[in-house]
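Here you get one chain, nothing else, as structure tokens; it is the form predicted alone.
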Amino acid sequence: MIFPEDFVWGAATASYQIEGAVKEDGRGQSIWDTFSHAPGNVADGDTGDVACDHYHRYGDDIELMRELRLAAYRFSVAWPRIQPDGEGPVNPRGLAFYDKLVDELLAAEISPYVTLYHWDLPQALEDRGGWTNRDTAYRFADYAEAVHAKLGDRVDNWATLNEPWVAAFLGYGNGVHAPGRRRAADAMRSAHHLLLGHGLAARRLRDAGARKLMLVVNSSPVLTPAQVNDPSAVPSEADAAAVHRVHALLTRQFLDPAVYGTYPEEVLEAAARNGGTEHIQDGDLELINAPIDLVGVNYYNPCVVESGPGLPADAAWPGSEDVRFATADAPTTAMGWPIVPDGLSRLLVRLSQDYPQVGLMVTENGAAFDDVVRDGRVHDDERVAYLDGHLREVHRAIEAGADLRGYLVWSLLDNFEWAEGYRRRFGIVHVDYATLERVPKDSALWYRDVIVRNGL
């Protein structure tokens, strides 16, 4: 099972999850600093203050990447390191870290994939409304331009946003992520302003000479319970309507504006019922519709729904009235997420059909399991099986015509897993949080061998 000759193999991380050093070299405070230090928000009271200490150990981590034969490394830039207050002059010490990181990656023959926003909004901007404030989109474009001015001569691949659905609806809708707000109108407004920030930044980056631009979404196939194990199952009319609506809220809400310059009717109706649509100003959709080269796809599990007459909208899903969110009949990871590998091939094929103008890259895919170190090894057979199953579906999607350019495993390192703290381990490299020692798991060695032979 061989992949295309130019297929890109790599791994991904995010700044707040691995860097630590939250008060060093002029870094400002982020919403995740604030949120994680507030009692009750994160499991076990964990914070990202130290995390994996990648800020100081990035050289060793790059050596690990080289040994694993990674061709690409996706990381995010911490906005508060670059502009501690979210605007104004750049902090040269913050930029210097990423400058050195990029140089050492290139020296190891690893392509840097830069994500500009992976949820660590400067707290100073949140104090002025965060993503509910239209001005934040313009501040984001300024920040993106400043980062590109420093790194753009060596970085080809740029992602503006990571998972804007999560940032908007878990951060401002049900409050389980930073900044912890719980208001549907704030979530809808934030989603639009995130997209506006994407469009403004993409245009600035393109004008500055950026070669490849990407928007990263947490897309999933939306299925009825019967369809999880039987793709040929035909849903009832009511269930099909629930599937259609949730797909619009999860995926089309972000990709339709970015690729086509339009919002689905279901999204406009949800906004109208939750605060109104006044925040969508004339000309916004034209700005959001900045040409991109790739859609980054973060896939973990399908979204399972069915008709639920009379049910109110879920707090994270404005517009989901009369929909029941169901469970899949499948094994689960330590996160409780169902393992449905062919959900990935179904998703990739559909995205290529719906958005043929852009290529695709799997920018995150992986699983948390309860890993244990024994005699200096981590025998994570469950993760190997998970990755093997999903990569076979990636190959199937390519054979079915999906324009897929690469695969980045989530994650290189065990790390701070947002509201779950350090309880959940997604890494192919084990991190001892007491000593910060790194130990490649069996899955890392297996993945290295996949990369070497470019196949399974």
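In case it trips you up, residue 1 is the first one in the sequence shown, and so on. Treat the numbers as computed from the prediction; the structure is a model and nothing was measured.
As for the form predicted in complex with a small molecule, it is not shown, yet the points below apply to it.
Just one of Asn162, Ser219, Ser345, Gln253 comes within 4.5 Å of the small molecule in the predicted complex, counting any heavy atom, and that one is Asn162. Of the candidates Asn174, Asn298, Asn274, Asn157, Asn298 is the one whose heavy atoms come within 4.5 Å of the small molecule in the predicted complex; the others do not. Contact check at 4.5 Å (heavy atoms) against the small molecule in the predicted complex: none of Glu19, Tyr55 and Asp60 pass. Using a 4.5 angstroms limit between non-hydrogen atoms, Glu417 touches the small molecule in the predicted complex. Residue contact with the small molecule in the predicted complex: Phe169 places no heavy atom within 4.5 Å of it. Residue contact with the small molecule in the predicted complex: Trp119 places a heavy atom within 4.5 Å of it. Heavy atoms of Phe35 never reach within 4.5 Å of the small molecule in the predicted complex, leaving it off the interface.
Here the chain stands alone, but in the predicted complex its contact with the small molecule, taken as any heavy atom within 4.5 Å, falls in 298 to 306 among 136 to 144, 298 to 306, 189 to 197, 101 to 109.
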